[in-house]
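So this first bit is one chain, no partners, the form predicted on its own, shown in structure tokens.
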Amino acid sequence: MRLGALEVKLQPRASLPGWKAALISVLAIVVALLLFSVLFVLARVSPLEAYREIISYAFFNRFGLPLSISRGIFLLLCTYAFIVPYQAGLWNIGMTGQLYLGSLAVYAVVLALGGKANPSAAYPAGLIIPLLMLAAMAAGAAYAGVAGFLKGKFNVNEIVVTMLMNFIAFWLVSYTIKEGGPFMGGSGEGEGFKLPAALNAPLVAGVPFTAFLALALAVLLTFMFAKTKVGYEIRAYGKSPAAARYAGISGLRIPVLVFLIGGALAGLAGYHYFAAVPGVYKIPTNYGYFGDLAFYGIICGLIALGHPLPAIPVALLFGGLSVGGRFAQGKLHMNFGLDYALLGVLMITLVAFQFFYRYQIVVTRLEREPADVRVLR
């Protein structure tokens, strides 16, 4: 496109340094907050006051910060569940169903141990808590593995399969916690029984220990993708399944493997929020809210370009804004859904700005002398 003596054109990026990707993301966040300010103005609320309430509660309040961390860790585990298949060119849309199955496995183990009938009993937490985590990961992996097998064996679309399995898991949870269901709690219909106090997850510096586990997983996954044979095979399959098969990489093993790993991480997210976050320790009546929230793991994974380490600040930001948005909604007497609306605008803007991850705008001055080329990065 020509603008007078200038020619403007799009040029695909050969590569994008990490600092530039971070700068683009920060710019996208600023634009999203400016766009969302319109809603505050329409509600006759000062945008500066609203954002001050959201940020101060989410990241600087002694009550809000632990909630933001817990929410961020949940999103981070869901992001990992998306990233691992994504590296193989596959889309795991089933984190919701997988975390539901993980949570059911946790409470099934507790039920088998008599924890529902005798919640005050003493249990060897050092043995049982790892068992609960393994049960959650195994259930999530098994559930996700179905989609991986169908994809690898019969080339069935994994997006359709995982989405349908989300609905199956949702209604399975509903059956187990409704009146007369095996996991129903004593506080009313549609709520799971409470985890025995002896099995409450230990806190470190006021946050669940799963927070540190999630950070360690970021390092482990980064190492796996960068330095191991299986990581190379996953990435090679993601570049070209046909070429990977020609090189001897199994077209069945990789889809099954990445969905098993992704499902295990989603199951761990179910353990984290329903069995390790203070104030929950049960499958709550609004379990569907956490299932919906899990979808933001997809957005976090896309923003992080499929890399685990950059996903950490993105997940924490999304978690904090959802917590702060809900708080500001009540304090400023705004309509219900402020947190979802804020995350939605942020999500759309960040996805739109991914355009600049792939392309750069090149401006060339048209003149006889050697062109003066300036690249807007």
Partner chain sequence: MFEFYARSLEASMIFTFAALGELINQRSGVLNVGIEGVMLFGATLGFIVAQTTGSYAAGFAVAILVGALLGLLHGFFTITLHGDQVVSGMGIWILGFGLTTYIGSAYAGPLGLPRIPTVFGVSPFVFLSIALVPVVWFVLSKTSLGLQIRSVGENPVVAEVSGISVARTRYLCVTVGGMLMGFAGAVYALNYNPVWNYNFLMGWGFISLALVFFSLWNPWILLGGSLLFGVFWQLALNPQLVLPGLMSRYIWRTVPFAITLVVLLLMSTPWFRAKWGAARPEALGQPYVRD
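Only a predicted model underlies this, so the values are computations on that prediction, with no experimental measurement involved. Think of the rigid core as the biggest set of C-alphas that the two forms share within 1.5 Å after superposition. Positions refer to the first chain, counted from 1.
Just so you know, the form predicted in complex with the partner chain exists too; it's not on screen, but the next bit is about it.
Problem set entry | Which of 170 to 178, 202 to 210, 117 to 125, 102 to 110 sits within 4.5 Å of the partner chain in the predicted bound form, heavy atom basis | Looking at the partner contacts, the answer comes out as 170 to 178.
Problem set entry | Candidate from 131, 142, 156, 219 lying within 4.5 Å of the partner chain in the predicted bound form - any heavy atom | None of the others qualify; the residue that does is 156.
Exercise. Here the chain is shown alone; which of 323, 338, 314, 50 has a heavy atom within 4.5 Å of the partner chain in the predicted bound form?
Worked result: After the contact test, the surviving option is 338.
Exercise. Taking 4.5 angstroms as the cut-off for heavy atoms, does residue 93 touch the partner chain in the predicted bound form?
Worked result: Yes, residue 93 sits close enough to the partner chain in the predicted bound form that at least one of its heavy atoms falls within 4.5 Å.
Exercise. So in the predicted bound form, does residue 288 come within 4.5 Å of the partner chain, heavy atom to heavy atom?
Worked result: Because a heavy atom of residue 288 falls inside 4.5 Å of the partner chain in the predicted bound form, the answer is yes.
For this session: Evaluate residue 197 for contact with the partner chain in the predicted bound form, applying a 4.5 angstroms cut-off between non-hydrogen atoms, and reply yes or no.
Result: Output for residue 197 is no: heavy atoms all beyond 4.5 Å of the partner chain.
Exercise. Does any heavy atom of residue 344 come within 4.5 Å of a heavy atom of the partner chain in the predicted bound form?
Worked result: Heavy-atom contact with the partner chain at 4.5 Å: present for residue 344.
Exercise. Taking the rigid core as reference, does residue 58 move its C-alpha 2 Å or further between the shown form and the other one?
Worked result: For residue 58, whose C-alpha is compared between the shown form and the other one after core superposition, the shift is less than 2 Å.
Problem set entry | Core-superposed comparison between the shown form and the other one, residue 312 Cα displacement 2 Å or beyond | The answer is no, as the C-alpha of residue 312 shifts between the shown form and the other one by less than 2 Å after core alignment.
For this session: Please check if residue 342 moves between the shown form and the other one, taking a CA shift of 2 Å or more relative to the superposed core as movement.
Result: The answer is yes; the displacement is at least 2 Å.
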